[in-house]
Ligand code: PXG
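The chain below stands alone and is given in structure tokens; this is the form predicted alone.
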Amino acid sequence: MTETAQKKVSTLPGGGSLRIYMNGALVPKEQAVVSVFDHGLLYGDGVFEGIRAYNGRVFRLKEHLDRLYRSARAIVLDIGMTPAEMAGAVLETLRANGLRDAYIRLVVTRGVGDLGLDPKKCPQPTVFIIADKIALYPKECYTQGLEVNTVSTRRNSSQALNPNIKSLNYLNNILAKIEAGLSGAREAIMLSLEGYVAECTGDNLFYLKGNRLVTPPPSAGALEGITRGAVLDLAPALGLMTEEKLFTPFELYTADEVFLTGTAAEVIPVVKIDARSIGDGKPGAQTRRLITAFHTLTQRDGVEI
């Protein structure tokens, strides 16, 4: 942690409560509040990252912070901290909570303003960091596979809103998640306006055909996920050729294997899409190999807490 960040972070009294980093202080979760005039709440104006810590290491922290600061620059949001100071705050939050394995939610909002849209009325951003446990899917979904459905809610056009701005406004994804739930599925596949596969509500998507591993490009509306990038890095050593390309649900229905990736989800197999079994209807061998390789990577790749 830098000297500047060390001076910024202070711990307030509050017993054994979960500690939240809040604008330079570590406070009990009951005291971690934002104003009703914060534009992150009023308009979803802000950016965030979901990050994981494994075995006392924060996985790909630099990549997550690089993406956070790119997102902030894209919406002209001055975070008010250097990346080194932000990294120090993340580590300090984990230490304060005694966590070696955790999910970290790092949020930067536009800050407090008035009831208008103008971001110039928000002089100071709000920064908070939550470190806790997460289980996005039950364990059996990893061993038996996930059933997902394609939904009618289309992914926002990349020409209207770049998907690599990881903003606080997730209503598009939430509507798709609601639609999936109403159909009895845990997760939804979202298509672009042109009908190409984009991503799921919170995860990237891959399919395998032979030794080809394919995932949608950002132009389809897909976020360049950190776990997605890790899988693309791991694949060649497993004898897989990787490709980003546009494709339709037909390629998923006829794939040998399908899986999702995300910081919270990690790597999770998909065995059924729109009531169609994928491959033999069980998690595929290549997917299982990638899961093992990813878990191995998380144990040695990262910044020590």
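Everything quoted here is computed from the prediction, not taken from an experiment. In case it trips you up, residue 1 is the first one in the sequence shown, and so on.
The next section is about a form of this same protein that is not shown, the form predicted together with this ligand.
- Annotation: in the predicted complex, residues L65, E85 and T126 none come within 4.5 Å of this ligand through any heavy atom.
- Although the partner is absent here, K121 is not a contact residue: none of its heavy atoms lies within 4.5 angstroms of this ligand in the predicted complex.
- This ligand is not shown here, but in the predicted complex it comes within 4.5 Å of a heavy atom of A264.
- This ligand is not drawn, but in the predicted complex it has no heavy atom within 4.5 Å of Y142.
- Residue contact check for Y207: none of its heavy atoms lie within 4.5 Å of this ligand in the predicted complex.
- Of the listed positions (R100, R154, R105, R212), a single one reaches within 4.5 angstroms of this ligand by any non-hydrogen atom in the predicted complex, namely R105.
- Between the options A185, L191, L232, I226, the residue in contact with this ligand in the predicted complex by a heavy atom within 4.5 angstroms is I226.
- Contact annotation: this ligand lies within 4.5 Å of heavy atoms from the stretch 165 to 173 in the predicted complex, the single such stretch among 86 to 94, 73 to 81, 146 to 154, 165 to 173.
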